[in-house]
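Let's start with one chain on its own, the form predicted on its own, as structure tokens.
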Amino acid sequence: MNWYEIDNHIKANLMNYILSIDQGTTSSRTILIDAGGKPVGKAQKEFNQYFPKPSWVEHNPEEIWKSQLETISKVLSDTKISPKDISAVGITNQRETVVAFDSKTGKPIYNAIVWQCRRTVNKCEELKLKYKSIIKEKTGLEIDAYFSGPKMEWIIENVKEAKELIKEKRLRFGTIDSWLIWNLTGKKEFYTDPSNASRTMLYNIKENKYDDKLMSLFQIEEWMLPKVLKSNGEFGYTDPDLFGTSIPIRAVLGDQQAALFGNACFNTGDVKVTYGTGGFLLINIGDKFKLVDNLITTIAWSIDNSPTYAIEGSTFISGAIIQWLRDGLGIIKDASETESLAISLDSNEGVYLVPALSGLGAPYWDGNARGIIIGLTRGTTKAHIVRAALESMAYQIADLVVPVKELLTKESFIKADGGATKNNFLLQFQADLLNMNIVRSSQAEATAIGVGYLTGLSTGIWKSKEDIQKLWKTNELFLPRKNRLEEYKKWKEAVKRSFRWN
């Protein structure tokens, strides 16, 4: 099927469905969205996390692809909707995670190095001595192991097969979106979008292109990387052998940028917070590039090659701390227990948990920080630790919001999404801590919905952002009730105790 035929396919199916692929850090999800913007089917599958050394985090790229394919198949099976009734596919994904593969065989040469992985901390510390300001000016990023470029260089230096493949120009590095596109299109297309490219530390976000100077710092050549298309570009079409028909892929966004879009944060100053595996603050700053100390500037999306920028603060461990309480410590069986345990106490009674299990992200950028629980007494129970974990999620967001309050207006409020927003204690504590109104989005799945909205905008299901704005709904409003300043001061002291432990 050529693009003329695909466009006709789209026009003939304007009132049909969007397949929204949401590939996350701990699970792969697929949501089917109708022309009214409502999810009509959803499937989710967790996949394995690998920790080969302390602070190293890996995924198996083939497991990611298999789990994503399974969720697509399950959604189609459960809803009994024909792939021929799907207008287009949108992809949103965990960012910064790197897959290296052989372009001839299509096979990965190493596990995916996950955004949380800290193996490149030493390399990043070296770069800071000479290139900190240059990289910040070009990419908007702080130098940190979080981002993709150092991970790519690590593979070149440590995976024997990599240098052999470079000689034959067969080595490819992609973020998860490009890995999915590669597989969805039958290993024919290798693309990414600016929201993902801007996370690699290789992409000049002012000039909207890969930067030769930056690539040379990490031994990367442009032929190794996916071509960058606009976020609502034409990313190829699915291999007909997968679903029995070819479906165009018409939108790609990194997960946090997709959540910004899904929360209809289209105006300068609009702000959202996602409580996911990590915690993420994004503020739409429009089309003017701006830098903020200790936070990052990123491309939110590029629609028709016109970039919109965002200020972002990222914390590495947010909801993942609850997963650790469940799987690592075994003190809870399910995340749903945490709210009742937290409200069983009148306060944290001096117990603080700093979740620096993968170092600290913004605004500290300390790759050698390590997690601590402080303030323990003989009277401390699991309820104190659970409450301290929930509070840590809110404290970390406060650390991001406080430095950029001047970018907000008196009328500004935070749109909150992500699985942890089901927890009323968390959102009320956040409102108190920031002395700001917090609105829980009716769409906890804002990442998948967001790229679905962009896909629908690309295919004509919605004519404008104003149409999408009408789809966003408030679930519940949380107003500040209590001054938490003294508790916040104690948190800041606890964070200092976690610095440079490793």
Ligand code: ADP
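A quick note: this is a predicted structure, and the numbers were derived from the prediction, not measured. Sequential numbering from 1, following the sequence displayed.
If you look for the form predicted together with the ligand, you will not find it shown, but the lines that follow are about it.
Colleague: Identify whether the ligand in the predicted complex is within 4.5 Å of every residue in the set 319, 338 and 422, based on non-hydrogen atoms.
Modeller: The answer is yes: all three residues contact the partner (heavy atom, 4.5 Å cut-off).
Colleague: Check whether residue 264 has any heavy atom within 4.5 Å of a heavy atom of the ligand in the predicted complex, and answer yes or no.
Modeller: Flag for residue 264 set to no.
Colleague: Heavy atom to heavy atom, is residue 29 within 4.5 Å of the ligand in the predicted complex?
Modeller: Close contact exists here: in the predicted complex, residue 29 approaches the ligand to within 4.5 Å, heavy atoms only.
Colleague: Find out whether any non-hydrogen atom of residue 390 is located within 4.5 angstroms of the ligand in the predicted complex, and reply yes or no.
Modeller: Heavy-atom contact with the ligand at 4.5 Å: present for residue 390.
Colleague: Going by a heavy atom distance of 4.5 Å, is residue 380 a contact of the ligand in the predicted complex?
Modeller: Outside the cut-off, so no.
Colleague: Only one of 321 to 329, 185 to 193, 361 to 369, 157 to 165 gets a heavy atom within 4.5 Å of the ligand in the predicted complex; which is it?
Modeller: It is 321 to 329 that comes within 4.5 Å of the partner.
Colleague: Of the residues 233, 418, 307, 236, which one places a heavy atom within 4.5 Å of the ligand in the predicted complex?
Modeller: Contact with the ligand in the predicted complex is made by 418 alone.
Colleague: Quick one: from 248, 226, 313, 276, grab the residue that has a heavy atom within 4.5 Å of the ligand in the predicted complex.
Modeller: So the residue touching the ligand in the predicted complex, by this definition, is 276.
Colleague: Taking the ligand as it sits in the predicted complex, which residues of 128 to 144 have a non-hydrogen atom within 4.5 Å of it? Please list them.
Modeller: Heavy-atom contacts within 4.5 Å come from no residue here.
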